[in-house]
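Form predicted alone, single chain, as structure tokens, below.
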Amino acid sequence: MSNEIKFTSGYGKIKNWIGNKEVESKARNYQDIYGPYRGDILGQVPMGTLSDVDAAVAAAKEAFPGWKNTHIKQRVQVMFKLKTLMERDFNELCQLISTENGKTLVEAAGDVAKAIEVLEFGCAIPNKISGQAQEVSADIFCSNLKTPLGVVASIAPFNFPIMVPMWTLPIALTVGNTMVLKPSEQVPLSAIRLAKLFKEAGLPDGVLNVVHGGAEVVNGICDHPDIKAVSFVGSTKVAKLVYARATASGKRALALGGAKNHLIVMPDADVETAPKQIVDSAIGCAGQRCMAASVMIAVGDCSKIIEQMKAYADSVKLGESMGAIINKQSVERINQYITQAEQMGAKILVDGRGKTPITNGTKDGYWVGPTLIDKMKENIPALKEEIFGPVLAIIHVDTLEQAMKLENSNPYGNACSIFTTSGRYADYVIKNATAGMCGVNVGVPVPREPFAFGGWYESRFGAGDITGDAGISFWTQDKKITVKWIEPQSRNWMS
């Protein structure tokens, strides 16, 4: 794959995808879509209306009976075909992600590859969805079946334009639901391209629908009486609102929110490998991912590791090994956190403020370089609040117990990792971390399929996880069946 992003624009007014075709929105207002690398306008996205939601739900509702009654082994053939098509168009999808999101092409490739991995799990669902069956008493048979819910919805964020929608689509559709997808209004292009690939793979009309917009569309999805379940990925603030509103209207809901992930670094951590992994965890995808490390807790003397981290962060080239920030407002917010920490006595080891690439006409894009802030104090907001940028705050403690006290005080519960060569230290952190996803010598402890993705506490609202077997459970409901064919020899309360 080429390392050069082929910037494109001129997409014009983006349309919704309803009934397997592009349909103009009922919206009166459109919002510009900006390319993060160059700050140029790519096109316009509609700020959709309740009428758009109604149209998408109506199409999904009409398609549900036919799709539900299509045998799962036929439904999964669409997913097999889609895998082939995504692999065929892999480079094109990466270019599109980089254009509208600002990732490097390498990061975009990770986005698509992980999406395909979840799709492969979806292809295996026919082998995983079989229910239980047992003769529970003489001539009495009980069994259960996993059945689809009906019309469901997925609300996706800007930071992974292909991967996050594909956390839900292969699973929800393969088990027999029909779907309304609401992508982020900042990255609508990838969602429409994905919908077209589903159509090419043979997905029937109305099974997948895409509606663009902002709060009005989200609220419409949460309130719509014909939508049975909603998944959401985004900030904790909005996750709480979506979960409360969706469940108040009787829906099943799973809303994944923000994070403040901790990396605990011991003095015995491998100096050759740990520094790069730690920095990459913080700055990968420009820090715009819920799995980014944003706090490093240095236990004891970690000066050699920090020196190597500084050297590596200084060497990172913007626009090549690190991508752009999604918009101008985010750049301003990230810079404010850095400035505030400096004013409150922290030491800026590597300063990303004002850094820009010098190639590809990117000077007008949205950039913050890798930033390492040392000597942090517990009262500094950058240590506690989610920044969602390439900023790593470093705080020093004397003992591992003190490190775990800091980690445990974190209101989020998304991820925690330790860098060490000691199995005893690693075991202590895994057992005591208050996080749904833990790692040892892994900067980004994302579970691979079939292991499910999901955090705890302020990072997740609702039960279960969004992928893996938990995803199957979320998008289905159990039908319990009891059968008696033969009159038992001795009658009992079941007779």
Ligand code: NAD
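Throughout, we count residues from 1 along the sequence that is shown. None of these values were measured; they are calculated from a predicted model.
Below, we turn to the form predicted in complex with the named molecule, even though it does not appear here.
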| query | finding |
| --- | --- |
| All of 182, 215 and 459 within 4.5 Å of the named molecule in the model of the complex, heavy atom check | yes |
| Contact residue in the model of the complex, chosen from 322, 118, 256, 93 - any heavy atom within 4.5 Å of the named molecule | 256 |
| In the model of the complex, the one of 158, 337, 425, 198 near the named molecule [non-hydrogen atom within 4.5 angstroms] | 158 |
| Contact flag, residue 414 vs the named molecule in the model of the complex, heavy atom cut 4.5 Å | yes |
| 4.5 Å heavy atom contact, residue 386 and the named molecule in the model of the complex | yes |
| is_contact(residue 232, the named molecule) in the model of the complex, heavy atom dist at most 4.5 Å | yes |
| Exercise: residue 296 in contact with the named molecule in the model of the complex, heavy atom 4.5 Å | no |
| Stretch from 84 to 92, 140 to 148, 207 to 215, 101 to 109 whose residues place a heavy atom within 4.5 Å of the named molecule in the model of the complex | 207 to 215 |
